[in-house]
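The chain below stands alone, shown as C-alpha cells; this is the form predicted on its own.
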C-alpha cells in the first residue's frame, strides 16, 4: 500500500468513527439514550405521568409546573393522565420505563406508598422509584356545618368518646390518610367515629351541607376554605404537627391530645424510576426548586400550599418512609 492510499484509508476510518459516534449519542424516541451525559439532558420530550384524571388536585400540580419545566429545559413536557387502580397503573408505567429522566411521575402521598398494601395485584414497592421533590402540601381539616351543635373540637371528640360510632365523618375515600387517621384515633385513643367514604370534595361538601354526615375530614383545599370564609362550615381541627398560617385559630389534633395523629397531609411530589442517574435526578430537583419560586406557578398552585422551604429528594424520601412505617401496620392488620 502506498503512502497516499494509506492516508486515504485512515481518513475513511476516521469518517466512519465519527458517523458511528453521532448515531449512538443523541436523543430520540422519547429518551436521550443511556450514553447521554447529565450536561446534555434533556435533549428530547419528557413525559410526566399523572395517576388521576384531569382537573383534580394532582393534575393541577402537574400542569402548574409543566409549563415552567418546558421553559427551563427548552423541551416539550407532555402531561399524561393514567388513572386507575388507586394510582398503581401510572406507577407501573413509570417503573417499567427507561431510567433516563424522560419519564417522571406526580406522586400523591400517602396514597402512593400505601397502595401496594391495600390493592391486590400491585407488585411495586416504594423502592422502585426515586424521589425528586415536593410540589405542594395540603393538610387535612376536620369540619362541621355552621348549624352543628359542636362549636369546638373538644365537644365533638367528647361526644364521640361517650357514644362510640354514633358520629358519622365523611372522608374522601376508604383508604385515604383521613380514613386511616380516624382508624388510628379509635385504636390508639379509644375515640370511635363511623367513617363514610365519598368520591372527592364535591360529594363530601354536599353531604355536610345536607346534614347527611356530622362532620368531614378532608384536604383543606381552596374550595373547602371558601366554605369557611362564607361561614357555611366551621373548622374544628387541623392535621399537621403545627398550626397552619391560613387557619391560625384552629387547633391541631396534637394540641387536642392526639399527639401521633400528624400524618394526614397530602403530599404532591415528583418521582422517577429507580436507577435514574443521580445527576439527572439533581437536575430535575433543581429545576423543580426554581419553578416553585416562579410567581405564576405559585399562584396556580396556591400560595398556601407551596412549602415555605423547598423539600427536595432526600427529605421527601424520609417522609415517605416514615408514612410507611406508621401506616403499613394499620392497613395490613
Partner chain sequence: MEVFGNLLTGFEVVFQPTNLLYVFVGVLIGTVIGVLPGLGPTATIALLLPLTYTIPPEAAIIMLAGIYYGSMYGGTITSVLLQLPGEAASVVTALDGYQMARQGRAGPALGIAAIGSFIGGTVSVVGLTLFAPLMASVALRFGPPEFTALTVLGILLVTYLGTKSFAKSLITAGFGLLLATVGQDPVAGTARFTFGVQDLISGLDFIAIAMGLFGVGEILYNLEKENGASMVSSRISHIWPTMRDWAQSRGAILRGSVLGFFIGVLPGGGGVVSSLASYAMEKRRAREPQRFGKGAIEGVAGPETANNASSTSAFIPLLTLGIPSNVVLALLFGALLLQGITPGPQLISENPEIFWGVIASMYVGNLILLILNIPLVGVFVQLLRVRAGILAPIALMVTMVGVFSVNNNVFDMWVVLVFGVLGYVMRKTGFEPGPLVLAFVLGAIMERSFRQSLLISNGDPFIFFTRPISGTILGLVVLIIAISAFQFFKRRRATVTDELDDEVQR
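Numbering follows the first chain given and starts at 1. If you're wondering where the values come from, they're calculated on a predicted model, not measured in any experiment.
There is also a form predicted together with its partner chain; it is not shown, and the following applies to it.
Looking at residue 198, you'd find a heavy atom of it within 4.5 angstroms of its partner chain in the predicted bound form. For the chain shown alone, residue 227 is a contact residue for its partner chain in the predicted bound form, at least one non-hydrogen atom being within 4.5 angstroms. In the predicted bound form, its partner chain stays beyond 4.5 Å of every heavy atom belonging to residue 96. Proximity of residue 210 to its partner chain in the predicted bound form falls within the 4.5 Å heavy atom cutoff. The three marked residues, 88, 121 and 174, each reach its partner chain in the predicted bound form, with a heavy atom inside 4.5 Å. Interface residue among 71, 240, 83, 251, judged by heavy atoms within 4.5 Å of its partner chain in the predicted bound form: 83. Out of the listed residues 221, 136, 205, 192, 205 is the one that sits within 4.5 Å of its partner chain in the predicted bound form by at least one heavy atom. Considering its partner chain in the predicted bound form, the lone stretch of 152-160, 139-147, 96-104, 166-174 in range is 166-174 [heavy atom distance within 4.5 Å].
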